[in-house]
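Here we start with a single chain on its own, the form predicted alone, put down as structure tokens.
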């Protein structure tokens, strides 16, 4: 229902960018409004359906006019209404304004952010976590979440000033994994304190390391510790690692993309520690 108490149905087509819900959804592109509301945007039928499969029902659901009877959208509409959310049918041009890109997908959902606590990082059997030090690129973070989900990792630990995992760019790159992996945010001090009591492997990556990543004692449970895209891990974090490795490079490049390097390490761990 809207503020006047009228039932909103998917047949009412919203055409104005001044609509309160449209303005709210557009504001979620900015981190400060995501923090204020506790919501974030997810775009596309596949990602929104994945959210529903993980018991995330949208607080707002927007879809393009002409898809009112789409059988794949119906479960999303039902879930949104069941929890008291609002469903908006809009003109395609308005959907572009909400998504801020040309040719947007036909569905956008606003979902509750879900954060986990460092206390949830426990060394249960076969558990794997990825700790990221000051990751700045949302595409890298989203891709890492996607790869983490692919290898069955539990989640990611964001250390200090990281990009927002709930930005639309990170969510897009995660391809729905943002709903499947746990997300923890801590300071360096909190992580180093936690790491001092962690009873299993913490494998860090650093260019000065002498050990080839293929020679590491990969095992689970474990934490894979990856550094900032430009400067790598801080000395403070390198000190808490039980093993420090490097990925050899034969060409002229002096570094690998963070998401690529993380993926290589995770699949090496997966190869050495099969289910």
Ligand code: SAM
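These numbers were taken from a predicted model, which means no experiment stands behind them. Residue numbers count along the first chain shown, from 1.
Unshown form predicted together with the ligand; subsequent notes refer to it.
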item: Site check 201, 216 and 241: each within 4.5 Å of the ligand in the model of the complex by heavy atom; value: no
item: Heavy atom of residue 174 within 4.5 Å of the ligand in the model of the complex; value: no
item: Partner contact for residue 232 in the model of the complex: the ligand, 4.5 angstroms, heavy atom; value: yes
item: is_contact(residue 266, the ligand) in the model of the complex, heavy atom dist at most 4.5 Å; value: no
item: Touches the ligand in the model of the complex: residue 48 (any heavy atom, 4.5 Å); value: no
item: Proximity to the ligand in the model of the complex, single hit among 42, 226, 223, 61 (heavy atom within 4.5 Å); value: 226
item: Option touching the ligand, based on a heavy atom within 4.5 Å in the model of the complex, out of 67, 246, 29, 35; value: 246
item: Heavy atom contacts to the ligand in the model of the complex at 4.5 Å, residues of 178-210 in sequence order; value: 205, 206, 207
